Structure formats: C-alpha cells, structure tokens
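Each of two forms of one protein chain follows alone as structure tokens, named structure 1 and structure 2.
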Structure 1
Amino acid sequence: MNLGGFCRNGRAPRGLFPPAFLLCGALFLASPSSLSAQTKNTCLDCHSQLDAPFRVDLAAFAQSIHAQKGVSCVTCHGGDSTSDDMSVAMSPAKGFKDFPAREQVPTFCAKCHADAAYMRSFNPSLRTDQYSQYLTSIHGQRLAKGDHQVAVCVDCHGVHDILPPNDSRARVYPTNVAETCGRCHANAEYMKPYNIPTNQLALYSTSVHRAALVDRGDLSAPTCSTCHGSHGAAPPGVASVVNVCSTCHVFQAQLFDSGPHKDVFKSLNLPGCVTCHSNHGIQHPTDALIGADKGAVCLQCHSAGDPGYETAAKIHARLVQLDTSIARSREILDRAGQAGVEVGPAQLDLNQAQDALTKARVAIHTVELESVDEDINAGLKVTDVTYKAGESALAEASYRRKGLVISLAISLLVLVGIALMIRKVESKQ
C-alpha cells in the first residue's frame, strides 16, 4: 500500500492504523495474475477489496522487493493469514502485533535489516548498518528526542510498495532522490518549526549536478544523499565542505589546499568550495566568475586596490587571452578548410590549446597567477603555430585560385587561337 494517498506530506499520522490495516504485508510471488494461485491469504483478500486508505494495490504490492524475496504479511505483522476468522487471524497467540508507532518504525525495520545473518540469506552483499547509521543522523537524533515529524524508513522507501534502490521507479533511485527529500524539505509549512531554508530542491533543479544526473543520465552525478548521506544524513559542517566536494573534485581540492585561500577561509570560518560556487544551485562555472568585473565571485571579498583584486583581474585577462586566441585560430583554420586546403593536423593540434585552457581554469583554485600562466603560455604557443598554419593554408588556397585563373585564361587563349586557325583554313578552302 502506498501511504502517500492519505498521509499528510506522505507521512502517516499517529493513531491512523486500525486493526484491519495491520494485516497488510508482502506477497511471495511477483505477478498480480498469480495472486489467486497463491496459498490462501486473508490479509490480501480483505485489503485488496477495501477503499482507500486501506486498499492494497496488488500490482504495486506484488512488484515490491519484499514480495519478490518471499517476505509475507505474517513475516512483519504476525498472525495467521490462512484463517477466515479475524479473531484468529489477528490473535496475539498467533504472534500478531500492532503496526509500530512512528517512532518505533526504524527499530521495527531493523529487526531484519540489522540482522546480518538473516539478510545474508537474501543478499550477501547487502549492508546491514542502516539502522546504526540512522541513529547518528540528524533525523535519528531528533527522533530520539521526541520529534516524530522527522523522516523514518517508510517516508523514503514506502511501506508495502518498496522497490530495490536500483529500480528506476524506486523513491531512492538516484534520479528520484531529490524529489523524495523535497517532499519534506521543500514544504515550507512542514519545515517551519525547524527554521531552515526550503528552496534546496528548487535550487538543485537548476544546477549542473541535476543536469548531469537527470538530463544526461549520469548516475554518478551528485544528488542529496551524495553530499549529505542517506541513512546517516546530516548537513556538512563548514570545515568538512571541501572534504565532501573533494570526493568527486579531487584535483581542485588539492589545488585549493595549496593556495592561500585555505588558511584565510579557515580563519574567517568560511566554507571552502561553496563560498564561490554555492551549494544546491551550483551553476556551470565560466571565466566571468573570476576577475574584477560585475558578477565575479572575487568581489564578495576583494575590492579595488587590494592584491587579491589585482590578481583576480590578471587571471581573468589571461584566460580571456587564450580563449580569444583559440577562437582566432579555429576561425582561420575553418576558413582554410572550407577553401579546400587540408588543415586536419593543425585543427588536431588546436585541441592541445583547449586542453591547456581547461587546465588553467582548474589551476585558478590556487589563486596564484604563476600557476595559471604556466598553462596559458603553453596554450598560446600552440595557438601561435596553428594560426600561422591557417595563414599558410589560406595563402595556398589563394595561390591555387590564382593558378586556376591563369590556367583557365591560357586554356581559353589556346581555344581562341585554334578557333581562329580553323576559320582561316576554312576561308582559304
């Protein structure tokens, strides 16, 4: 059953689970059409006929990971699913137990998922530390203090429609994680007691990370759980932001650590990467981000006249210089190619200049002009050679055109001469 249809914000209010509801569980078979052929299950016989919110969607239920692994209703809820007598089916003597209160859900799920020996029989590679991680999370800590609004297992995974994390329909599949977290964290009314922003999902939806993950299908791209953790979810501290970002951006972090910003940021208690790049709404970086022009992030701290301001302006100018030089070489080579001259090797060499520009754009994390200049100068040497190759190619194309014109003119004169000679011979005859 999907609780989202009747639980506020996808959460089940306390006290909403009457005894009849408690018999819902998972099936042994994965196909809805096979339900009737299964061993008698009065839990499903009843709940599949009820109206919402107590109706069990057999199709979704049968596709759940619990159903596919043979975990039945009585596995979680006890009782006797073969009896038509509800007093027997729900008898404590048969092991029937109430659906856990909200604050008991993590412990309830952990009875199986924290039991390594039991879980190994289903999937030897499955982790069994989810519960211990949850206890360390901001959700688990607040739950332990009596806050029953925080997320528990069923809020992220569902109840009777739980799908494996590698199923693209699962709420915790990478492309769906942001929306799952956003069910709470983007709800301003629900998050009001916590006095934290609720624009994370909106910002992330505009970010380069979301574009890579959803638009380009790169499942290695970051989503909420990549930076905050999943079962052990917690906001990164100011001092640990660089560590989190460096999980993917290793070289950039090393350059940042080698530059002067690391100690300055630490002394000012500024988070490393997000100070310049922001956090949830990270945009594709451009050369305009560094420098002294409007919109440059350097201006957040530096002003005209200080050394940082001057260095930023020089770095920006050098990046623009190489970028312009690459465009200049590419334009002349394209013209030469369109004129019919072979310029493939020069165009291939120009890729080296583009690589040098990319390296320079990474080297700016040192905020040292010398480091950036090393790559810029290497790139400019390549563009100088490729531009001259373009000039030579255009000169060759011009020479070819002139030669063709001369050849055509000579051919025309010869034809005219032949025609005159033929006419002269014909006139004598």
Structure 2
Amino acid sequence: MNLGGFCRNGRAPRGLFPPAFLLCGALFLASPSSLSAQTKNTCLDCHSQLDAPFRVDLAAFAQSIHAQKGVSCVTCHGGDSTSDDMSVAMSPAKGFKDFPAREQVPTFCAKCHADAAYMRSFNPSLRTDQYSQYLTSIHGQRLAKGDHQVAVCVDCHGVHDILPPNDSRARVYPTNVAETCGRCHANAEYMKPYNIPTNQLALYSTSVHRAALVDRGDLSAPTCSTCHGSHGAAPPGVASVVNVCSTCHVFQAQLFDSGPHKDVFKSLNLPGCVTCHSNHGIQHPTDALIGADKGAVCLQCHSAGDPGYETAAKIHARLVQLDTSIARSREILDRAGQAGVEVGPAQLDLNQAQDALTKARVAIHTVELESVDEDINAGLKVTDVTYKAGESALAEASYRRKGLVISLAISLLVLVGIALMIRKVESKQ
C-alpha cells in the first residue's frame, strides 16, 4: 500500500489513496435515511485520533457537505461503523473496500455524482455531468494516459472537508478558484514536465477580472474556470477565444464579428480578443490602447501610412475629444455647485455623455470610424448643453453675489435711516 506523498504540494498523492480518503468516497454509498438511524461511528472514533495521513478532522468533516447531507464513512468506504472490532469494522465481508488508487478517484466519486437518480434525492438541480466532462478535459485525458500528477476530484474539492461550491470557504468558491488552480499551475517545479507557462496566477492577480471578483466582490467576474471550464478544463483554442469572451462581453463580440478584423485575424490565426487585450493579465482598457501613439496595440500590426493606422489615430482622437469635453463640463458644474448653485439636473444629464463615451468605447470593436462617431457626436451634443448649463450657473452665482451686495447696501441704508429716526424721536422726547 502506498501511503506516502499525501498532500504533497497541498495535493492528494499520486499513488494509492490513504484510508482517510476512503472514508469520504464511501460516504456516497449510504442513503441519508440509513445514516440518520446510525448513532455510533467507530470509524471516526479511531480516525479522529490517528496521525496523518489516516487522521480525519472531526470539525472539518462535520462541516462538510457530505456530513451535512447525512453521507457517512460507510457510504463510500463500506464496512461496519457500528462495530468496535476493527477487523469487523474494516472487514471485506462487510463491504469494506480498499481506498482507490489516484487514477481511480474520478470513477470512485462518479459512482454517486454521475448517478442522476441518486443525486436527485439530495438536490434535483445538481449537475451529474462532472465525470463525463472530466474525461474530455486535459486533466482527464492525461490521467487516462497514466499521468497521475494531473488534478483529480480531491485536488480541487478536498477529501473529508468538501464544502459546497457556494460556501465562501470552499476551494472552488469563485474567489478561491485562482488560488486552487495556482497550487499546481503556479508551481514551476511541479509543472516542469508539461512545458507550459506558470505565470498565469501572477498575471491574473494583477488583472481587471481579479479586481472585479475579489476586490469588488462581483461574483459574476471571471476566474480560471469561467474561461477554461472546471471539470472539463482545457485551454480555449484560437478559434473559440471570441466565443469564450463573448459569454460576458456580448456587444464587443458582436461588433468584432461585424468588423473587418474578424476575417483578418482568422486568416492570420490570431486569437481574437486576446490579440489586443492579452489573457490572464488583462488590464482595464484605456483609450491609449487604440491609436497611433506609443502603447497602442494597433501598432502591433499597423504602421504609418496604412489605412488601419489612420483610422486608429482618428478613433483615438475622437474618444479623447469626448472624454475631455466631459471632464470640462464636470469641472465647470462642480465649480458652480461649490458656488452654491443647484446643478443636479445638469450633472445627471452629463451621465448621458458618459454613457455615450462608454458606447463609443464598445463601438471601437468594429474598428470603423463611422460607428464610433455616431456615439461620440451624441455625447458631444450633451456636453455642449451641460457646459452651457455650467456657464449659466456660474453667471447665476455671480448675479446672486451682486444682488446680495446691493441688498446689503440697501439694508445698511435702512438701518442708518432707522438709527437716525430713533435719534430724532428721542431728541424730541
């Protein structure tokens, strides 16, 4: 029995699994009703006292989804958990099974998780295609070829401490997925045999996607599994990159498809979105990304004199024009607001210009100046109005100040008049 290597690199061992894992796997085989009737669990009595790798953490197991659903040790591992006699409790006659070898783990888990009828009794909406997907994944294909280093179920989900994916402590919770994948894919030593980059996690950590997911807590933002799949994980091919990105960036993809770049990229075998935006380290796009200035991605393919270069420069100029115009309007409205004039409606209108700029920034995926111009012109119309509103508001502020000075002067004259009247009245008395 190969019990060594358990949890090396935080992963399950390559060889056979320790009995501890069997505890988990067997949990699937018992029905909740039969488990609920059990009051004694000699498996845990012993295994909670043993050292690793045989140890089962009682607290972690109690919080696991299996324990929560009433799935117990014998469900996966067989045997008799009511017997105090170890030879009986772990007797093959009682159905006790040796723990699975690493390559057997997916089928071990799939006994239950690929059984739609069985899983329905726990959660009718739970998917049962994980195993079939796994077989199509790079991990599954390599495992089938005898590579025991690739990820199997327990590497991502855990063993006895498996939590549901919507539990924020789970290793497969969206905010934790990148770290979970990175445990192998960011380990240069571990990935050496595959000759693939190991900087994905480092790049992703700087990306706009990670910022949205982790910093802003937007769980709809992508992590590794969003683009690569989870159980069927594989790198998207060049042809399908646009399809992957378009699951979220629908309009950009539609506009890209309607523009000239689609066919050109295809002919050059360029991977769509990734060509300009990169993949794991994708940054928040700025207007500097397009154009003919240094740093513009257009310069990767276009050079001075070609039509694409000219168009890129014009599109960039138009975006900057609207952006500057919005900033100018905002500045004057802020100044008027600070001067005490109500400019709320104009500030609200200015949002329309910002929306137009956003639309124009999406429209650049057509790489056609006319499409971008349409939104830019709409935005500029708004900023013209809001800027004038700002000017009027400043004029109003000035008018109010002047009015105040005049009314204060009149008040002062009246006060002097009253004082003189008092003096006159009192001199007569």
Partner chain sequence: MSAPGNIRNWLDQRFGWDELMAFLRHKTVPIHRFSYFYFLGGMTLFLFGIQVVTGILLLMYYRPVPDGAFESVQYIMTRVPFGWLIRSIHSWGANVMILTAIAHMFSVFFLKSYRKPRELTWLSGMILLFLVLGFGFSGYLLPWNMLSLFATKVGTNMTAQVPLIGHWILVFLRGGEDVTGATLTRFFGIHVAVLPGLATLLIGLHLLLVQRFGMSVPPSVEDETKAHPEKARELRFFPNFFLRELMAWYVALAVLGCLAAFKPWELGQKADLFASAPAGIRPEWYFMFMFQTLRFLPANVGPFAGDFIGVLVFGVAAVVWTCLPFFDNDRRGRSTRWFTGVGIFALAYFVGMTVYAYLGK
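When a residue number appears, read it as a position in the sequence of structure 1, where counting begins at 1. Think of the rigid core as the biggest set of C-alphas that the two forms share within 1.5 Å after superposition. Just so you know, these numbers come straight off a predicted model, no measurement behind them.
The form predicted alone is structure 1, not structure 2.
When the chain is split into two rigid parts to describe its motion between structure 1 and structure 2, residue 417 and residue 225 fall into separate parts. Between the two rigid parts, the smaller one rotates 10° against the larger between structure 1 and structure 2, as C-alpha superposition shows. The shift recorded for the CA atom of residue 403 between structure 1 and structure 2 is 4.3 Å, with superposition on the rigid core.
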